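Single chain ahead, by itself, as structure tokens, in the form predicted alone.
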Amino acid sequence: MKDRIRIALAGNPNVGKSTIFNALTGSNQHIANWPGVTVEKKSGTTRLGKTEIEIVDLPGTYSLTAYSIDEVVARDYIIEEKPDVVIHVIDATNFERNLYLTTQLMELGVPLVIALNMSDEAEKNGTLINRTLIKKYFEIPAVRTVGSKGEGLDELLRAALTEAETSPHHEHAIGYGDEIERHIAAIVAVLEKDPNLASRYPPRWLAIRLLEGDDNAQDKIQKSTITAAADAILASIDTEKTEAAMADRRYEVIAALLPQVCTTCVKEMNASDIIDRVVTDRWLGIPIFLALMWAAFELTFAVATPFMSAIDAVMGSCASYVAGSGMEPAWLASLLGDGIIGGLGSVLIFIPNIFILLFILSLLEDSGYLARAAFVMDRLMYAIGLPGKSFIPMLIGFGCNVPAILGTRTIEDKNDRLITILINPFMSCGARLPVYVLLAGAFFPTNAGTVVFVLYVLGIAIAIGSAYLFRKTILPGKPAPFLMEMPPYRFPTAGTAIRHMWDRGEMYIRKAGGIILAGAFIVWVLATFPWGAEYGSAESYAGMIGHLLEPLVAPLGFDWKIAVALLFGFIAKEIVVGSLGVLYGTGEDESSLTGALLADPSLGPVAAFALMAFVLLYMPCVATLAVIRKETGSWKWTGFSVAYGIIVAYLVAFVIVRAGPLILGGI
């Protein structure tokens, strides 16, 4: 028996790998980063009898194809550091899904032990996995474990110690068919001409990786004398087609062995499978997603309108009462009535729309559908040069761009992540919704939901187009394939949806009570002073600033009031509405901001739609810019985001103004 061995724990994410690691090593742990990458490295020690065991917890990964940093780290540790044993931790409740990684670990030719973790949950579900047959068919010992309870861990270590002293170990268990096997044999023959290379990496495994077009594997042979010979063989092979064929073959082997080693692992098609065949269909998936989003916006307007009217009436009456109360000094009455109550009321009126839309999106998320939406968009995302994983932060961006940009941390490739950050501000966050609701409700009263839906689609289209442009020019590269686990369909509960709605919606209320209120106060000061000037007139400071900016926005059909509102929108997009509420006020002939906008001769449906598009696309709010700076670590990319957004917004708004009748003819 060896005095000391090293064990690597490998497995998919969320299989209980870290639970087993913690149970085995206790307080004898060390946490650092892997050399050269910001991926957490965890190692610890334990003992079994006289043997000291070092355990390394590898990053969770679905495969060893080296598309992500986690995959590269896990794979390189196994083949470069050569641990004595690899324990593959499998979630026994999802046995089939985990076996793909098993087939890849087997090809490495390393001593391997399977830990069937969460076996207690699997057994409760009626799943029985025959460990004797796993040993027979896979030539790998399998141990029943329940990491959370410490069950089976001593047996697992004993199996690992036995396997560490057992030799030789097979390098593969899968035959890929005559044609592919001929290619593998030819490349292996070439690789074996370099003894150093052949001793460092398993030749068959390296040949398979080269046939699958693995860039990381290609890098491993670049300094070898056999590079030219290997490249000559690979040049005659379609690596994408070969990779797909080899993946299919692995799945065929898994499908053939699964019913022999596992009871109830092979299930008949259920209702969830039938639904998925429709909603994730190659041709139906995207139209279904768009139809659901359109229905969500239409329902939002239909349900929210009565509540909006009630809030408008209450806030309008309060503002008028305070402003005309005769309170001394007069400026205080104006500040409270026109500035604070008027400005704040013009924002609070949209709370019903925001909360209802968030409630609907929460229902879709809790049901499991939004995960399918990300899967449906994967093909389109990959075509424009982004991984499907980028669509998840884009979906989050419908709520708020700040957490969406933070969510890009799950994207491994640097360029993929940077592109996703740069395009995320084009996703229409909840802060823009008040502007849409105000203008669409005023100028498109019968089709407001459709107009808002078009704006959301426009944001997605601009984001996709920008991603394609960036990928072809400033940030070239190839996106990583998208792997994700589909959550089961569930009936969403009202309580959970309401809680999610509140968690996301309260941010809007906090902003209304803080940033937006401060913005409304600043706009009131600029609209009131110098003292004696007519409130919100061209002679006020707001008017002076607006007239300086007006020549810039005049080609878009905007006047100086719009220019001032857009300027303050740099702080937070909600302030656009609050600023308009302060600047337009509530004159004797107008009972609301909607009426004031409709009465403005400079505005019409075309200009209103152009304004909504401009608000959608121009620079992110201050909070989003701060996060972009933090996540990119660069003022250059932050400045680029600002400049690019303003240019795109201006061009799109200009096109809308020039081609307005044609564009809006169908709305």
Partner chain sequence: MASLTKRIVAGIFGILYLTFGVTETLSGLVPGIAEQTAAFMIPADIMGGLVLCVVAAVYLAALYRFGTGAGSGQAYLYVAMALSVIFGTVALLSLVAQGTDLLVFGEEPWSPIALLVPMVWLAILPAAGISVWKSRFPGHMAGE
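None of these values were measured; they are calculated from a predicted model. Residue numbers count along the first chain shown, from 1.
As for the form predicted in complex with its partner chain, it is not shown, yet the points below apply to it.
Q: Between the options 327, 299, 544, 458, which residue brings a heavy atom to within 4.5 Å of its partner chain in the model of the complex?
A: Residue within 4.5 Å of the partner: 299.
Q: Name the single residue among 225, 309, 199, 260 that comes within 4.5 Å of its partner chain in the model of the complex, judging by heavy atoms.
A: Only one listed residue qualifies here, and that residue is 309.
Q: Does its partner chain come within 4.5 Å of any heavy atom of residue 534 in the model of the complex?
A: Residue 534: no, not in contact with its partner chain in the model of the complex.
Q: Might residue 277 be said to contact its partner chain in the model of the complex, defining contact as any heavy atom within 4.5 Å?
A: Answer yes; at least one heavy atom of residue 277 falls within 4.5 Å of its partner chain in the model of the complex.
Q: Is residue 281 a contact residue for its partner chain in the model of the complex, using a 4.5 Å heavy atom cut-off?
A: It does: once its partner chain is placed as it appears in the model of the complex, residue 281 has a heavy atom within 4.5 Å of it.
Q: With the partner left out here, check for me: in the model of the complex, does some heavy atom of residue 305 sit within 4.5 Å of its partner chain?
A: Output for residue 305 is yes: heavy atoms within 4.5 Å of its partner chain.
Q: I need the one stretch from 291-299, 131-139, 441-449, 571-579 whose residues put non-hydrogen atoms within 4.5 angstroms of its partner chain in the model of the complex.
A: Stretch 291-299 is the one.
Q: Relative to its partner chain in the model of the complex, which residues of 636-660 have a heavy atom no more than 4.5 Å away?
A: If the 4.5 Å heavy-atom criterion is applied to its partner chain in the model of the complex, 636-660 yields nothing.
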